[in-house]
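What follows is one chain in structure tokens, specifically the form predicted on its own.
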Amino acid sequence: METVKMKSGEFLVKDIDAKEIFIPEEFNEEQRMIAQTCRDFMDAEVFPNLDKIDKGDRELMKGILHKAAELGMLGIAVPEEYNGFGQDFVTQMLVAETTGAGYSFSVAYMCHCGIGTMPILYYGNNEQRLRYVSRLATGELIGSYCLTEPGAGSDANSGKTNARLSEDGKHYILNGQKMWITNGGFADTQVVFAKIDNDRILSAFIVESNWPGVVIGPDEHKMGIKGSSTTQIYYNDVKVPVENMLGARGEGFRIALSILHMGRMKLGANVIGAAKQTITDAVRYANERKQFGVLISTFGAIKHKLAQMVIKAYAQESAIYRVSKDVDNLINQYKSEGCDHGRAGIDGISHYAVEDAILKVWGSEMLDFVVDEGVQIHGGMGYSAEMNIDRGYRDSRINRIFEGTNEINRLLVVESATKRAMKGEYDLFGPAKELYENLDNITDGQVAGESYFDQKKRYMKNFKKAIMIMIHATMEKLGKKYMAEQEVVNNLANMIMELYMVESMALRIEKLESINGTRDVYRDMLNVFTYDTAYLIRKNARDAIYSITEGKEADALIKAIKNLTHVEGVNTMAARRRIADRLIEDNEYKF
């Protein structure tokens, strides 16, 4: 069994050897076959029906999900004893990436396989798993997840939906309202969150949609993901058998938070598939469209856009599979210690709360950037509903709201990382204090004759030092209420996110070279991304410094951060052109 190389958030203070991470180039034959099955399914059943799907035909979407079930796609994450395939977390993420190109179908599919099924697998007892999970895995049932209410969005625990025990003690009587329920119009099962009596904390229940008192509203009219059935659901004295409580009384809030961690991670994989599809659509259009007598793919401005789209997608992919293998290793460790399969799975995913939030925020904003540039490359046709880029642009926007808004998740990045350090899971504050007390002695640490990857490792260490200094300075100046100053916390979160992404890319490319030898186009990507990251870390640090201090102390901090974010200059124009030329030659995303 592989050991856990790094705890959640520990990347802030610990270096890791490239050979110890997982990269997509290491997918085994079975994983590649599963991904190809998913691609073939998308080509046959989803892409030809995109216009019909977007008209909101509930039966069509349910029918496509049933066809996916026939191929086993609904049971990828479900153990064999419950009619699934029991694939590891890396494979689950590969499937999430592959199906991420499916627009509204992707939303319905991921809802069913993720938040519609996994709460019962992770927190249900064996009877509940046999009754529901085994049928969700085969498509006999389609699942949904009912948490949000009109007055309870980001503050999920403030929901008003209520459950009270019946006089005979056999049922909970459920009353309330839920909104923004994905698959709501055709789902057979619902994981519903409600407070029992006057409880302060939520409990969770498995509800069947055809039970008396369950009223399904019409589909909402939305900006994007128009083919995804999104409804309100009302509960009017619904009798829920006591044996359908999921987990223990009052455990609902924990279940909700844990499932959101999973959803964030899988969304982070989903957006990669959507980004790759958009990049392919954009370069193919650029290779066909002529202006001023030449293909627009020959224009420097277009090459800049294409290259930047590739760099960001590649970074997200590098980070996703790096942490996915960490999750697998931790799940296996929990199992070896005697933990139940379900709890081992969700505890393994939830442990990586810092990375979950990073990948959700950075990935959703990466896709928004990619589709926006995709529209621009298409020009006027990008604004036409005739092109898929129109659908991709509108569908992308929900990802910054899904699974907790990006504003909430930015706060979680910092809060989770610092709380783990406070619990002693890794030493952040000791080194941070030492750096802060020796600001005048900080240099960029440049060494004569260092190798290419040694230089990049030095940059990463310096970025980490810059972040540690800023965390200490923020907590020193703002005290225990530092989380209340959200603008400064956002600066810290941005620094942490950029570090994780660039380090993940650097580790991937170093390992890739050890397998396949040097390929300059990947170094071009890393050079540009590192150069840009240094600027972003420096900019966010400066903004935070001037928000919390001034005078000589601010000057000392600024000088230290400048030294720690100093990187070698890069001819970004030439590097981006080489990246774009590779994409243009391939005529699709093949990185």
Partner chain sequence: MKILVCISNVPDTTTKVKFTDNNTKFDSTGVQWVINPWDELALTRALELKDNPASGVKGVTVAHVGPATSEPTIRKALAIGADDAIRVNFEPTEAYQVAAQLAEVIKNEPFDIILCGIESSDYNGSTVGSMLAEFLNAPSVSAVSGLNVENGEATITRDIDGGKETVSVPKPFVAIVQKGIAKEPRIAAMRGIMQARTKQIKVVEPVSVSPLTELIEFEPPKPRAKCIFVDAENPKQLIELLQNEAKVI
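Just so you know, these numbers come straight off a predicted model, no measurement behind them. Positions refer to the first chain, counted from 1.
The same protein has a further form, the form predicted in complex with the partner chain, not shown here; the description that follows concerns it.
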query: Among 555 to 563, 522 to 530, 41 to 49, 539 to 547, the region lying within 4.5 Å of the partner chain in the predicted complex by heavy atom distance; finding: 41 to 49
query: Glu434, Ile442 and Met470 all contacting the partner chain in the predicted complex, non-hydrogen atom within 4.5 Å; finding: no
query: Listed residue (Gln87, Thr405, Thr298, Asn157) with a non-hydrogen atom within 4.5 angstroms of the partner chain in the predicted complex; finding: Gln87
query: Ile196: touches the partner chain in the predicted complex, heavy atom cutoff 4.5 angstroms; finding: no
query: 4.5 Å heavy atom contact, Leu71 and the partner chain in the predicted complex; finding: yes
query: Non-hydrogen atom contact Met366 with the partner chain in the predicted complex at 4.5 angstroms; finding: no
query: Partner contact for Glu2 in the predicted complex: the partner chain, 4.5 angstroms, heavy atom; finding: no
query: Partner contacts in the predicted complex for 454 to 475 (non-hydrogen atom within 4.5 angstroms of the partner chain); finding: none
